[in-house]
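Shown below, as structure tokens, is a lone chain in the form predicted on its own; questions about how it binds or moves come after it.
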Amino acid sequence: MGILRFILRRLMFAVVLIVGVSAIIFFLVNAIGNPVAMLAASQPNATEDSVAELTRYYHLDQPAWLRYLLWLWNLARLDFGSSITYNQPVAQMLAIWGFETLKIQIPAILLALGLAILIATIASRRQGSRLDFGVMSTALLGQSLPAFLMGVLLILVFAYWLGIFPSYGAYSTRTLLLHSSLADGLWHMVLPVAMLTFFNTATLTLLLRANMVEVLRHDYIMAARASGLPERRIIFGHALRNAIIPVLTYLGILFGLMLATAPVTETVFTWPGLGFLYINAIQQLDYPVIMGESVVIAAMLVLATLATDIAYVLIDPRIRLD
């Protein structure tokens, strides 16, 4: 019952937090002004009747507090409204474009976690060696380089110089690779996933290596070695399990910010995901898309933090639920 009560309490807090964030997002975005009037100013063929009709349709003629309550009620029913520029349901757009974003973000995070565990484990066991120095230097370089620069370098080398991978898009507009849409999609994923994996691996390696070095110095690790346990069991059964607990916080944030960090990657590779959609919505003042995607990003971050807290409790029994 303790864990169930803990989860329910955190869920209630998450709901209150999401509602508060939604209010901030709504009033900040709407403080800019009437998007229909702004868009009509750049369209010489727009008539006053059409502007007035669109204003009524999006409830822009109502007070801000009433529009927020209507928008919040629609959010509770997963109705994000309709896009002003695309004239499509925002929920449908988020689902379609969101799939493309998750298609490169989730594999990159999982690959980075696997690589970080392998690299950090090897480097921590050889602390102070040339291998350890090389791992630390490469990881620090990966953290320091701007994300867009790495993307441009990957495109320059593997797309233009070597001609191995495509430089943009999620699918080919010409003959599909091996006449398979699946193979063609995977072919286009290589460079974006490689860019995201490189940066995620760098940060995770630094965190995990530092934790592993500290854990390997503890008395219980020395006692396990003195008792004759195999080194493999000591590292992966005892040391890694304790060293990875602080990394869960970063992983939770990383999963929560998948959509928030998407614009850089998707702009560099012209990837048709939520990041690319978000940039276009801001440029075109598409309020329903901006607000809908902002709330989804906030909700993902809150839920990822909740999942991290639950994982902490399940992994580390020393954490109190009170």
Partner chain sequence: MDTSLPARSRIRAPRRPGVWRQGWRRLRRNRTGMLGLTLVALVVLVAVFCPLLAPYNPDDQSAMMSFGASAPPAWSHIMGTDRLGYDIASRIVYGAPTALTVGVGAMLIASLIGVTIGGISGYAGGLADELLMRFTEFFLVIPVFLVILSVVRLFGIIVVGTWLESVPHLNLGTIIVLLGVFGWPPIARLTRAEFLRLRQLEFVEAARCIGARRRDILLRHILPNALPSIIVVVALGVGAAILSEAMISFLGFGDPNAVSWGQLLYFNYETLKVAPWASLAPGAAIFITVLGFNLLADGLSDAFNPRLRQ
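Numbering follows the first chain given and starts at 1. Rigid core here is just the name for the largest C-alpha set that superposes within 1.5 Å across the two forms. Values in this document were obtained by computation on a predicted structure and should not be read as measured data.
Here the subject shifts to the form predicted in complex with its partner chain, a form of this protein not shown in this document.
Partner contacts here mean any heavy atom within 4.5 Å of its partner chain in the model of the complex, and among 98-106, 74-82, 145-153, 185-193 they occur only in 145-153. Interface membership of residue 283, defined by any non-hydrogen atom within 4.5 Å of its partner chain in the model of the complex, is confirmed. Of the heavy atoms in residue 278, some are within 4.5 Å of its partner chain in the model of the complex.
With a 4.5 Å cutoff on heavy atoms, residue 267 counts as touching its partner chain in the model of the complex. Proximity of residue 28 to its partner chain in the model of the complex: non-hydrogen atoms within 4.5 Å are present. Residue 260 is the only one of 60, 51, 254, 260 with a heavy atom lying within 4.5 Å of its partner chain in the model of the complex.
A single residue from the set 248, 118, 141, 164 has any heavy atom within 4.5 angstroms of its partner chain in the model of the complex; that residue is 141. Relative to the superposed rigid core, the position of the CA of residue 21 differs between the shown form and the other one by 2 Å or more. When the rigid core is held fixed, the Cα atom of residue 300 travels less than 2 angstroms between the shown form and the other one. Once the cores line up, the CA of residue 258 ends up 2 angstroms or more apart between the shown form and the other one.
Whereas the displayed form keeps them at a certain spacing, the CA atoms of residue 81 and residue 258 lie at least 3 angstroms farther apart in the model of the complex.
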